[in-house]
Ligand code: HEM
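This document opens with one chain alone, in structure tokens, the form predicted on its own.
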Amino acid sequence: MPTINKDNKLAFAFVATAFAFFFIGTICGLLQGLVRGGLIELPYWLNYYKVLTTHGISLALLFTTYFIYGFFYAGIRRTMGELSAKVRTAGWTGFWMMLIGTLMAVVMVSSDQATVLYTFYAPLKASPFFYIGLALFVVGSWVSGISMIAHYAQWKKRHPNQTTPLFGFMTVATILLWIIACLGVAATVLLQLIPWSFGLTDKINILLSRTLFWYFGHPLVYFWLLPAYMYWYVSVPKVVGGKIFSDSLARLAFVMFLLFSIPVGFHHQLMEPGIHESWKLIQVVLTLMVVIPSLLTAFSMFATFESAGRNKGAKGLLGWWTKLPYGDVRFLAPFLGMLFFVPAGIGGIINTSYQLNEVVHNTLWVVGHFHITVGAAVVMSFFGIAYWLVPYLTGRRLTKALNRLGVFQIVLWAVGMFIMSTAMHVLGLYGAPRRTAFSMYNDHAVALDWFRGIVANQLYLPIGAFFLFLSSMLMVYLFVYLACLAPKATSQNAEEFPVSEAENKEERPPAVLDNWKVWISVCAVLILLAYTVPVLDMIQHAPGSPGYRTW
């Protein structure tokens, strides 16, 4: 029987915490769907906006971040060796800081002191302890993240002139993206929101706070996406019986994601006054540049699938499709996530385009786009990871019966997400708003139409949410079963952490791709070019606002 090492315990602590908040967040998601469909009305003490805040924070921030860190710790241990005592201690220190900060924020939200939605937009004003909790969560994530970078530095010291293992390289890229992106939200929380919430300042510069939030908020999407890409690049080829199409191409894509996902937050503020159009245009162009590494990733994945299929005897132009292991939940989950990501990517281009954004801004379209990006492409990939990572960390096995249950869970999730997100997209085009509870606007004709469409119908929201809820409860059950009750593995049938080889073993990526000083410098220059002038203008000219509590 394989022994559970100290590093796996650290990774499992993050993953288990992630699924605890997944459980809470998905219950809130069901309640939201039922309210938006007009099927129930929540009591005053549990109002819609408190549920919306809990849903957003639990799933978008807590589930994702804790799961990613657990995945990373397990992966760097697998590819770059055992963690040193100092790295492991720093990892646990960061974990406890994150958890204490999380509990502070959760207590404030549950006691109705911080119903400020996931974006905590000013001038909505929460308790200062909510913002302090967020700050502690971010700082804790930095401590753990820096411990992973330290592990990478130790590996480089022991292996001079060697290329970093691909998983380690991608971990460093993602952690750097997270730390650089968090500088914006840390600045607004520490310098604006906390002093304002304590009453030390009377007013807050709303435009500046939203700009600093979206400096963080857009790369946050890539902080979610890059670990999913890591699974696609590093592990999925092994699962399908293939190899990585090109190690160098994968590294180039991650460097480009780092450069083009941070200095682009203005495309979330295209409708905001006070930012000159020229700056918005620059950031829109930089946003569209991220299409390049996205297409590189798509090309690499389908090249891997074709190669694996042909090695299994596939014939004809598309015969390799029939050779993919659709009955293996480790593949089916990320594969369906990839399919969802095709319309998600197209929707992202629409949201980024100035004129088209005017049509869909502040509508359910954006919510639908968010759900098929994060709730499908990212979360389904995380499900696929969990099915082997949890037994890998706990020394148990994913049996055939558990795999079949997993396939059923993934299909349930895909059906629910398809129904709900399709309705959200079309309802958004008809003008149905986001960030609002159920309303018929005094039986206005437009609002009545939202319940009459064949495709666009607000009743599809609770139907989709119900499928997603069933799937999420099954996922939680399977997580607990895989962690505690599944058959124990032996040394012969222990679950592996799948790491693929490159198609060309002789391939040696260009050394410059592994030189982070270069890419951090380029990233800093892009950020300064994109933000310095408009932020100085906001500091000098944007008016301040007092705080409001609307709940």
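None of the values given here were measured: they were computed from a predicted structure. Numbers follow the displayed sequence, beginning with 1.
Just so it is clear, the following notes concern the form predicted in complex with ligand HEM, a form of the same protein that is not shown.
Comment: 49 to 57 is the region of 49 to 57, 499 to 507, 484 to 492, 515 to 523 lying near ligand HEM in the predicted bound form, near meaning a non-hydrogen atom within 4.5 Å. Within 4.5 Å of ligand HEM in the predicted bound form, a heavy atom is found for every one of 36, 424 and 435. Only one of 155, 418, 118, 321 comes within 4.5 Å of ligand HEM in the predicted bound form through a heavy atom, and that residue is 118. Comment: ligand HEM is not present in this chain, but in the predicted bound form one of 211, 472, 174, 283 has a heavy atom within 4.5 Å of it, namely 472. Taking non-hydrogen atoms only, residue 70 never approaches ligand HEM to within 4.5 angstroms in the predicted bound form.
The shortest heavy atom separation between residue 30 and ligand HEM in the predicted bound form is within 4.5 Å. When ligand HEM is considered in the predicted bound form, residue 78 lies well away from it, no heavy atom lying within 4.5 Å. The closest heavy atom approach of residue 375 to ligand HEM in the predicted bound form falls within 4.5 Å. Residues 370, 371, 374, 375, 379 of 368 to 392 are found to place at least one heavy atom within 4.5 Å of ligand HEM in the predicted bound form.
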